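For reference, the chain that follows is the form predicted on its own, supplied as structure tokens.
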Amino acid sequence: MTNPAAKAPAWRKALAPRAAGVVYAFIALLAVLTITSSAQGRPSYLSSVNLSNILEQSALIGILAIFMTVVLISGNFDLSVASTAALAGTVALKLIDGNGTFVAVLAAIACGALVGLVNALLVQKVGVNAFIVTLGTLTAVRGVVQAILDGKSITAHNTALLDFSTGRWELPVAVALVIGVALIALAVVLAVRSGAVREKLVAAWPLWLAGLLVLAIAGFRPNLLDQAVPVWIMIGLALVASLVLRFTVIGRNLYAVGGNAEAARLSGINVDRYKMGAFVLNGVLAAVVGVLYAGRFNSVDPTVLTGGELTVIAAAVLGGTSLFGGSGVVVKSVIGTLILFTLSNGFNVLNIGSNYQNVVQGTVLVAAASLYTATSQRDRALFRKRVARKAPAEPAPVLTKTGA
């Protein structure tokens, strides 16, 4: 006899704190800040200008969080992303005046790929722990940045990166409506093709939720369709990464590799290829972020993006990504990033001191990690009970008499 509670409906699982807790937290945070701002007689916290500021502030860390999530899903993690971004930005600004924008950007991306490849080889081929390797590359790459800059900041005369990183692009309302409808239609088509319509629709909640959000913005807040280029890059990468991870063989294999590498290997999956690919991809995108960051100010200094790797990992963990591999959703990592920057923005708007900001952000992170851990343990306990009930009873040993 099966326990009905052991197999909850798909919609209930999708709305459970483990699956959608970060969305609830983000909505609750916006509600609290909106009510507090209104009570103090301040302008609306949800104004288009303030929401655009939050998106711009979080865009670069959000891009890093997307691909940190990919690395975490594969069963590794990378502490060197901020240093890699700093190196790429430094190389780009060093080369852009004398060699042009294309060569500068290409060299910066090559540096990111090289750092990612070094991490991948040391972790997967040599067998060194990922924490030790990436902690070492964090320090070494930061040292290279300081050596290149010689303790000084540099500024480029070529403003191509500045113009690109600070540029804005407005999505036409008609195009936004088409995109919103297309996202919802894609979720429905994928569900219908699979045969399990209700379950797949629930599983594809990032698609149809994004579609509804785009339609709402196009209908009620068209000003939000005018955003800085890094924001559009973050949104585009989040959408592409979500589709790849959820609906392709590559995505399924990556989850399998992170969940149980040995079982994935026995199934014929090239484990090293997926784990190393995640490191290299993370290095490349860290380089892109470094170029965008350097372009935003058209200058870099030896301390650029120091400590950024901790914010990136915090955003991924806040989004529910497991540090042990096999679990994570890039959209939720982006929402985790938005929560962190919304907290900072809200504290600044409400004139709350920086000391309290750190206390609250740390408390939020610990609370989220505790919630995810508790729900994961509960899910694992239910799974073990279900397996135990389904396992056939072991037959009692048959005793036979032997002659004297």
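None of these values were measured; they are calculated from a predicted model. We number the residues from 1 along the sequence you see.
Just so you know, the form predicted in complex with a further copy of the same chain exists too; it's not on screen, but the next bit is about it.
Only one of the listed residues (318, 234, 87, 291) places a non-hydrogen atom within 4.5 angstroms of a further copy of the same chain in the predicted complex, and that residue is 318. Note on the partner interface in the predicted complex: the residue among 131, 220, 169, 102 having a heavy atom within 4.5 angstroms of a further copy of the same chain is 131. a further copy of the same chain in the predicted complex is approached by residue 139, whose closest heavy atom lies within 4.5 angstroms of it.
The closest heavy atom approach of residue 226 to a further copy of the same chain in the predicted complex falls outside 4.5 Å. Although the partner is absent here, residue 314 is a contact residue: one of its heavy atoms lies within 4.5 angstroms of a further copy of the same chain in the predicted complex. Using a 4.5 angstroms limit between non-hydrogen atoms, residue 98 is distant from a further copy of the same chain in the predicted complex. Segments offered: 108-116, 173-181, 320-328, 277-285. Contacting a further copy of the same chain in the predicted complex at heavy atom distances within 4.5 Å is 320-328.
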